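Structure 1 and structure 2 below are the same protein chain in two forms, each given by itself as structure tokens.
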Structure 1
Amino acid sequence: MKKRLLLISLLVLTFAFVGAVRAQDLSGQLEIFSWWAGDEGPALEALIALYNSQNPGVEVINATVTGGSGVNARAVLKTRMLGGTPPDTFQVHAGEELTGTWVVADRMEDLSDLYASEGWNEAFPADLIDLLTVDGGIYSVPVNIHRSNVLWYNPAKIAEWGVTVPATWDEFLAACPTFQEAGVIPLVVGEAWTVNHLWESVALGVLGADGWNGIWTGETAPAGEEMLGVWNKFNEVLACSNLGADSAGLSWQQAIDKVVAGEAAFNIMGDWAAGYMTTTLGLEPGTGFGFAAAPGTAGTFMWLSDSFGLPVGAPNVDNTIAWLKVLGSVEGQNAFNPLKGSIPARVDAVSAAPELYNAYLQSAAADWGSNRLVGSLVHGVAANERFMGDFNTVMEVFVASRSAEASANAMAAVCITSGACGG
């Protein structure tokens, strides 16, 4: 805890001068709605501390709803938004989770003027802004970029077991008996959403970037031979996991803990896991923990971005605009991302303070600039909320039947009802 508070204090002090210059004469409250609690809390706390240094007259209400990947928060948010009591601002994944849910329903304010006044049209990548844009309006401010398709491991234990980090799923499957004979879980998964998270990396490894993107454009048939191959490979991978044993009771952090402790060989999770291992566990990337692209996905960066916008009917508009300005600033992105285990959405933030970014984050930033980019399904980029919700049923069909045909047919039906798969 002391180390966490020290990190937050150092980051805030780094940008205190800029904050003092920009301090505004605002008062009242600002309610920030998110799912960043517990181990993800320090990064948000750093942003709030920076905001408070610039706007000391505003009382910040840190409204968090816990639950991995926002599964619980989104349900509470929907009740509030549809009930006419929106928070001042809320965390939402860039892409379809934002545009296909709240923008199409006319529940968000256009931030195009703010983008122009803050110079953000040049600061953020054009492709990212496109995913925040509907009919010429821009509807949220991205604070970070996360990578979904990361394989985490303990370098010392991998060396002890005499296994090479797998570059393909076939290599992983070949190593599976070695781990099982040693009493080690080859690939650890946790609660239900983490299984979906694993599926998208398996699918990307089998289909490649073009095949994955083809699901959402209609070029990859959801019940075709390629997708049958995905489900069959997923079945093989899960046979080398703890699914059905203790998985349902594990958070993503607890799954990572098993890797760190040597009870499991690998875990596939987004790089918020790097933030957890560095900020909470105090481990160094490359020695305390290792990382690689998920098997079969080298050269492809499956991404997601956390962002915040201004809901229609927000009680404290001026205070929210000031919050969004902090999020989109170089100092805000550099206060947040080193603690979160993500890289800035701004193209100029890392170069402004490279010393803040560890070996993993430097690697991720380099890959973000050079890899093929594809959007995450589970984290709201690739498909709309209807598909995301109904995909849980598809996974239930698969877990119960282990049938590639039944699962592919169920997914094809969801594609039709959600309208998420092109065509």
Structure 2
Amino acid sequence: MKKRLLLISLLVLTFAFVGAVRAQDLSGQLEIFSWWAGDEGPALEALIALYNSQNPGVEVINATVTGGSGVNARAVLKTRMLGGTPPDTFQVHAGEELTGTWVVADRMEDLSDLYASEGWNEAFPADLIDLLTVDGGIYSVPVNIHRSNVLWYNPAKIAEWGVTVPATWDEFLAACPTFQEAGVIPLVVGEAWTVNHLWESVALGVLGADGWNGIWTGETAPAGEEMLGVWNKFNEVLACSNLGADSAGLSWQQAIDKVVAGEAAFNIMGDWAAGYMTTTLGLEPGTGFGFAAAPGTAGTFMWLSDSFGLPVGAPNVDNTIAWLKVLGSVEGQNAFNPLKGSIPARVDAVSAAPELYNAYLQSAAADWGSNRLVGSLVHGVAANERFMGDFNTVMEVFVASRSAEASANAMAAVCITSGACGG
């Protein structure tokens, strides 16, 4: 308690001095813990460069642990937090991965004062801030936004096959035999988590935004009629996929490769796929690859976001506050996102420098400002980590039994053990 009071007073002091003290006066170190290595490294480097230009006295330690969506970094972070040596700040998916794991454990500092002083309450969408908030406190600063429910295709091939891009799952299922007769995989999936990723788009398409949110508030019964409908639809969709043929050995990039090569018609993947196709494969959005909201989900933006917070017991609080300010600024968000291939979480950032963003990102940013926003399950927004892990078991029940009832019952059981479904 005493330590807490001390920290809070320290924070207050920091804010009081922020106006008076020049940024250059900060010194010491800042350890940034993230999983942004490899392809995403340059985007983080750009942020660090911006930070260093404002705070030349601070030595930044860039601690990265590789592994997509932080699978390995999260394990390392947990050992550090349990061992009592937290980094100054760490990357965490906004939503339950932040609140359900760290905030409920009293491991994070409240940043709502910083939000007020920086004017972030207006800059970020309210739906987003809601998922960073627990009991009135706001606990992290979102850097970027990715979209989960995107359908990718190859426009030239689609024209060649003479099909239209499906707007609903029923349209997709109707077009499915056409592809199969042509020897094309209608919908390509990859290793286990990409199947879960497909599931959340199918579930959103069947349930709609309210139904999807209802799962996490307890209004949509996990074993109810609507969820049975989701599993049945998912079953039909998977019958039009490569699941069980060669899926388990494909990374998400290899799945996208099949769409680009014309071996598969569609793929559902988050919009990091756009970054992969423009940067690595050198394709133009709109002509080289096509994109649309996943069938049945137009007007809804299923988001995930990387954010940074201030852990309790961070060694360099002032340096971290300065870092969070850089992250939340228009300048910082525009330095990071064009390189990362994501859109800024701030609604006013893209209009400040539209030339930085390609056609896909501009369209995503427009949707981010206008669409209904719902959180992704697979990427840590909607449900706690216990549920996310146990959902793999639910999926295995489904893949093995192909029974909607068995899967829905399994999900209901997981809802109870994890306590993730409200009620």
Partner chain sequence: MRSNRDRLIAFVMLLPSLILVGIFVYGFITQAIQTSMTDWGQNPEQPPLAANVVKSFVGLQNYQNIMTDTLEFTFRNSLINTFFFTVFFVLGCVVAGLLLALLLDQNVKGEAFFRTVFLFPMALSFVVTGTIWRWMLQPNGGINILPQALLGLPPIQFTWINNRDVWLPFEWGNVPMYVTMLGIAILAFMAINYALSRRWRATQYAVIAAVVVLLIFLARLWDFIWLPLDTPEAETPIAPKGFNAALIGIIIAAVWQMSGYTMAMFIAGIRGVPEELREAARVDGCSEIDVYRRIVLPQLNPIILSAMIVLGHISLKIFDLVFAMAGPDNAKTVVPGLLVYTEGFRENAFAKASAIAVIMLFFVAVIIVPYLWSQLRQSSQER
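The term rigid core refers to the most C-alpha atoms you can superpose between the two forms while keeping them within 1.5 Å. Keep in mind the model is a prediction, meaning the values are calculated, not measured. Please note that residue numbering is based on structure 1, beginning with 1 at the start of its sequence.
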**Asked** Quick one, which of these two is the form predicted in complex with the partner chain?
**Response** 2
**Message:** Quick check: between structure 1 and structure 2, is the chain's rigid part containing residue 291 also the one containing residue 154?
**Reply:** yes
**Prompt:** What turn in degrees does the smaller rigid part make against its larger partner between structure 1 and structure 2?
**Reply:** 16
**Message:** Give the rigid core superposed Cα shift of residue 57 between structure 1 and structure 2, in Å, rounded to one decimal.
**Reply:** 8.4
**Asked** Cα shift of residue 347 between structure 1 and structure 2 after core superposition, in Å?
**Response** 2.9
